[in-house]
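Single chain ahead, written as structure tokens, the form predicted alone.
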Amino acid sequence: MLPVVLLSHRGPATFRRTPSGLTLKRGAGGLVTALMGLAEHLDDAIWVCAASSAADMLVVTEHEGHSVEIAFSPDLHVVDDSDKESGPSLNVRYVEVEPERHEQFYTQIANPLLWFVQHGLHGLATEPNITADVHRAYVDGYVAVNEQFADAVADEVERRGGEAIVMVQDYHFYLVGERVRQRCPDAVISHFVHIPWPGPDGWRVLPVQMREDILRGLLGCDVVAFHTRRSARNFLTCAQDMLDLQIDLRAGTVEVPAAGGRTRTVAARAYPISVDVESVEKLAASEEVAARRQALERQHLDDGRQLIVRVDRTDPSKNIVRGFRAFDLMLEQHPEMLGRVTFLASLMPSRQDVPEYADYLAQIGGVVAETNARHHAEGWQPIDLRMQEDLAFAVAAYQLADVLVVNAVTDGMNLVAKEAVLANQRDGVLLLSENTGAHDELGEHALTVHPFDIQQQADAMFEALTMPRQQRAKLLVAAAERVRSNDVERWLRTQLDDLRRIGE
């Protein structure tokens, strides 16, 4: 069985310096959780990631750039020679990136430039403006950091005899595949893009060199993976339209020139990611969630009142402002709902070092203030906004939602929708944007919303709140069953099986 080398920007654990020494905190985010479910059960796997704290960088120095073995039970700790435990552990290699270079790579190119291009967030009449500073950030930041991580990955493959499965994750590392291929021609390389992939016209926002570098970097892989068939098709048409390569849309492949006049076949595949069902249900049954649920019930659900819920990062792609404006419009058009329904929003501030994100957070605060000022009544305000990162609170809110709003402008998948239908206990109705990856699986069991149509979103909110309970229950049961049958373990194993067949 081939060893596995994982690469992602975030790692499975972060070191922290405390008065008692170095401690470990489990990594956050759906991608990290999903990959940990894979890595913990592999006999030979190493996870390459960025050092994200001063303590991580100290570990890099102490281990001279080599990996450190981390055990995950009974609690996070570094495994040493005297460790007798046989629980799950994982080798992690932290890569230290010079701060200024990382700022160019992450804050100027990956976010917001690539993120905004792939989510269609630029107002093209005025943005983006590709300046000399952006070109420098691309070369000195994005290209240089990709080369640094590609070399770290290739080192790990070569330590394993030059044959391994390499699984690169997301938009931070589009150039890695080609460079690893050059050093490790016998490796089986996949790159999973977790955000939407637009068609050729969307990519023409970028200079020719950037967009062609990105395509050629990904075409160094054996498999380029996405959450939806739409993104996979868009990738193939980009290869055809911008690099003049031969594609087969039916087979989902593109032919790439290789040495000696030969060609390599690269596959574009869709693997819809999901959640760890057991972990979600275990957390939902915890005392911590129960305490938060009881407090929310007392505050918002006495006397037959109803609750609309959203849980999101304050990212412009999540479409939070339009969602609040739709709620404001629903209250205006249906005054009988005043005092009878509250919109509970648990939002986590995101990327506040990026100006566009800071501006969007201010817009969120503004629309909440306007709505609450316009419609408030004694003992009730329309929107209960919580700026926090509290998973137990989020799950308690999922449980109590009569309506869950997921109205993203566009989204690679959106795991909130999947978590919520598993946890909900009130026959909640999912309002799901047609532009989310999750819509492919859950759309028939939800009310579809168009992310730019505020009136339609307002109408959908009212329809969901007034829907007969039996119909609500039928939708929820079907959605939850779909998530349980296609969980994160299946997502991971399907990819690994495909990659192992390539390796054989």
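A residue's number is simply how far along the shown sequence it sits, counting from 1. Remember, predicted model here, so these are calculated numbers, not experimental data.
From this point on, the text means the form predicted together with a small molecule, which you will not see here.
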If we test each of 203, 106, 393, 174 for a heavy atom within 4.5 Å of the small molecule in the model of the complex, the one that passes is 106
Heavy atom within 4.5 Å of the small molecule in the model of the complex - residue from 360, 115, 138, 271:
115
In the model of the complex, residue 292 touching the small molecule (heavy atom, 4.5 Å)
no
Taking the small molecule as it sits in the model of the complex, is residue 313 near enough to touch it, meaning that at least one heavy atom pair lies within 4.5 angstroms?
yes
Considering non-hydrogen atoms and a 4.5 Å limit, does the small molecule approach residue 385 in the model of the complex?
no
Taking heavy atoms and a 4.5 Å cut-off, does residue 181 contact the small molecule in the model of the complex?
no
Counting only non-hydrogen atoms, which stretch in 326 to 334, 183 to 191, 418 to 426, 165 to 173 is within 4.5 Å of the small molecule in the model of the complex?
165 to 173
